[in-house]
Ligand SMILES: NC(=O)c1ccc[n+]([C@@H]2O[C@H](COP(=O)([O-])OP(=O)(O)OC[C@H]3O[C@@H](n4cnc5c(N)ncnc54)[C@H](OP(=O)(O)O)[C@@H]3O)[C@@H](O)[C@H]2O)c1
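The form predicted on its own is given below as one chain in structure tokens.
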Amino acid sequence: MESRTVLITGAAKRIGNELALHLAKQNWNLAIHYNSSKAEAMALRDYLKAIYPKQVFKVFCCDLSDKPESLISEVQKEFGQIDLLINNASVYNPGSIKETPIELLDEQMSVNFKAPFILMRDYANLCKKGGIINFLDTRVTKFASNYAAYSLSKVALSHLTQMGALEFGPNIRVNGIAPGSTIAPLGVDSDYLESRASRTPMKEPGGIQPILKTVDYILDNTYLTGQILYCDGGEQLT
């Protein structure tokens, strides 16, 4: 099986960690990005090296809210071609419009939108071909303002996804995945997911497997670009 390389931002924890484990199992080499979760990133790298000794796993530290401009070139230098970029890293903080200080707005937009913009730009300029998957949120269809800055950053990223697909084709495909009730936010009881999912058509949380299957579908369908796949049990309809 051909060996390919994927850069996953925020790969040390939560959905990013699950993506890393899933793609490593499919013979992908991994560029594991982290910001503050060094111990988790190193542990993931060592775990994968032990299971898949013929593949390459390297760790890259980068603060996406500060200077993400060097990340693509650093990964490319180590691996050569990057076949897939997954913009997974996000910050997720509550606050209505009236409650949002400029610092919160800047942080949400910098990590959730500005950094993916820069990484997509650099990927297109340096790597020339491959694929990009941006992680969005089912909130992009809604106008509730309880996570105003976060939601707006993901709306911007959804538009960037389609804009990138139009500009970068045919050599680079760009798609987005918009999860719903998948993993509870830090510090929130698991009942949160049950309560949120009960208002959706499917009535229960989907967990991580539907997201991983959606990644596989995007990778397998080489005619798919510019699409936002809502992996949310129909939550975007409510």
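Quick note: we count residues from 1 along the sequence shown, nothing fancier. Bear in mind the structure is a predicted one, so any value in this text is a computation, not a measurement.
Same protein, other form: the form predicted together with the named molecule, not shown, and the subject of what follows.
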### Task
Heavy atoms, 4.5 Å, the named molecule in the predicted bound form: which of 118 to 126, 87 to 95, 158 to 166, 73 to 81 makes the cut? Say which one.
87 to 95
### Summary
None of 44, 62, 30, 197 but one has a heavy atom within 4.5 Å of the named molecule in the predicted bound form; the exception is 62
### Task
Decide if the three candidate residues 35, 136 and 183 all line the named molecule in the predicted bound form, where lining means a heavy atom within 4.5 Å.
yes
### Task
May I ask you to state whether residue 179 is within 4.5 Å of the named molecule in the predicted bound form, using heavy atom distances?
yes
#### Entry: Proximity of residue 215 to the named molecule in the predicted bound form, heavy atoms at 4.5 Å
no
### Message
I'd like to know if residue 15 sits close to the named molecule in the predicted bound form, meaning any non-hydrogen atom pair within 4.5 angstroms.
### Response
yes
### Query
Would residue 111 show up as a contact with the named molecule in the predicted bound form if we use heavy atoms at 4.5 Å?
yes
